[in-house]
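The data below hold one chain only, encoded as structure tokens and taken in the form predicted on its own.
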Amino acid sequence: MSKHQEIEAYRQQLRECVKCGTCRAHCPVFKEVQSEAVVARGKISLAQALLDGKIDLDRHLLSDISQCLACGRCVKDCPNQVPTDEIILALRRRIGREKGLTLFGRGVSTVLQRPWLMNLLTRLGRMFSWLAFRKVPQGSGLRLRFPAPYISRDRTIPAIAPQAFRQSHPEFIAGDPDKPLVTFFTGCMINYMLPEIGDSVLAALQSLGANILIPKDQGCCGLPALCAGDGAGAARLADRNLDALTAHKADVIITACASCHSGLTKHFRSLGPDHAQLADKVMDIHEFLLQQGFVEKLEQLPRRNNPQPVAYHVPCHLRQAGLKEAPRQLLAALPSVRLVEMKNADSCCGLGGTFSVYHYDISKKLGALKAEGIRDSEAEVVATACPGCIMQLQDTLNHAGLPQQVCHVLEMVAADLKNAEPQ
């Protein structure tokens, strides 16, 4: 089985941290809690002390290491580019291995590695959601009726889709013979909760004449397991996806989820040459559409009177990959959209994988900053490129009492393509 690097492999990078404290100015969590232990410099010191045998994996260390959004701000602005986000994940893997996973971590990892269990739970969720959840006004999600571990009752979560995306479509959709074969990695949220995003991806690809493959046996990208500290589980998921995604010789593998893109590229490459080769074929859907000349295609669509003001939220994982402008370029070319600028557009939404589960109060404070920017932008819709961000931003807007809805950029693209079709 493949394996991610142990924390011991990062000794050289740990020494490259000069403790200048630049990270203090950029860490969203530090700005809220003002504790040296949660900023990158503090975590690097803790990792060094652990490797030197000066501290143990006690509850204080576990709490400090859990307080990271993995947004990558500290890495981007670090003078020595110390990969603190990777170091924290390596620390979590060691914690998971030696101290065991939390109840939530065990639950997430167990379900994500067993598709039959995921399918069973989503079926049960559909059947009994009326009992366990109540609808949020304006149809923007669900909230728990009763207390439950790790999920706050005032948190908005999306409903489970009536049918999973991959069950609603054939594994292969033929396009034009001379067009590329595109493998669509759906990710869990698009498959089980937001299949309309997947439908929008298909609409965009079909408008290009692409041949589309949707492997039925693909699994979770593994990023949730990595964030939870289950390195072995994440590696098993990676090996499963390696088999599923290389079974056919696709020209490109696309994702419509910024987190899945990170899981299949950045975190995939470190597992070995076969994984790295696959990671090289993975593209974010927005980047792929730009490469295919989609902006020019959208600019040729009939213009609309009174286009809708739309703000764009930059997902952290696209910013880290240097892809934050691609969704914005597509939005700006849409005839129904008037793109408006938003304060803090590229700041983290506050989700951060398992962070918002363990530290929801801080997560809500970060969300409140986003809500302020959305309100001031006077946008009617917030578009983004990550299903996780969509869930978190909608929760934020509901807490702030704002009427805006959040959607995926591809949903807006698909709507304009459909509106341009002959009636």
Partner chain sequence: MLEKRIIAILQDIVGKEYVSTEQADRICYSYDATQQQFNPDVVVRPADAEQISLILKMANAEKIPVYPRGAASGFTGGSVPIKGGIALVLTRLNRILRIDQDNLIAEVEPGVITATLQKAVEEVGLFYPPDPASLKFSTLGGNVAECAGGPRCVKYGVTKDYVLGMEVVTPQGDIIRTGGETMKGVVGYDLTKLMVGCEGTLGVITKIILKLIPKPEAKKTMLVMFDSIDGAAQAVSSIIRGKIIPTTLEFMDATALACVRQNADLDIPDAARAVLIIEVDGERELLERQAARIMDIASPLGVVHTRVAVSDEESEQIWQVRRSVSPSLRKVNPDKYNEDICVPRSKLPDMIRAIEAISKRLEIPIVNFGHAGDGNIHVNIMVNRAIEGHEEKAETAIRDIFAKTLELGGTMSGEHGVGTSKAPYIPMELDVATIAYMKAIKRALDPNNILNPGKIFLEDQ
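Numbering follows the first chain given and starts at 1. Predicted model, so just to flag it, every value in this text is computed and none were measured.
This protein has a second form, the form predicted in complex with its partner chain, left out of what is shown; the following refers to that one.
K.L.:
Please determine whether Gln300 contacts its partner chain in the model of the complex, using a 4.5 Å cut-off between heavy atoms.
P.N.:
No, no contact at 4.5 Å.
K.L.:
Heavy atoms within 4.5 Å of its partner chain in the model of the complex: does Val406 have any?
P.N.:
Outside the cut-off, so no.
K.L.:
Check Glu16 for me: does it contact its partner chain in the model of the complex (non-hydrogen atoms, 4.5 angstroms)?
P.N.:
Glu16: contacts its partner chain in the model of the complex.
K.L.:
Taking heavy atoms and a 4.5 Å cut-off, does Pro79 contact its partner chain in the model of the complex?
P.N.:
So Pro79 counts as contacting its partner chain.
K.L.:
Quick check for you: of 392 to 400, 371 to 379, 52 to 60, 66 to 74, which stretch puts a non-hydrogen atom within 4.5 Å of its partner chain in the model of the complex?
P.N.:
Among the candidates, contact is made by 52 to 60.
K.L.:
For the stretch 20 to 37, return the residues whose heavy atoms include at least one within 4.5 Å of its partner chain in the model of the complex, in the order they occur.
P.N.:
In sequence order, Cys20, Gly21, Thr22, Arg24, Ala25, Val33, Gln34, Ser35, Glu36, Ala37 come within 4.5 Å of the partner.
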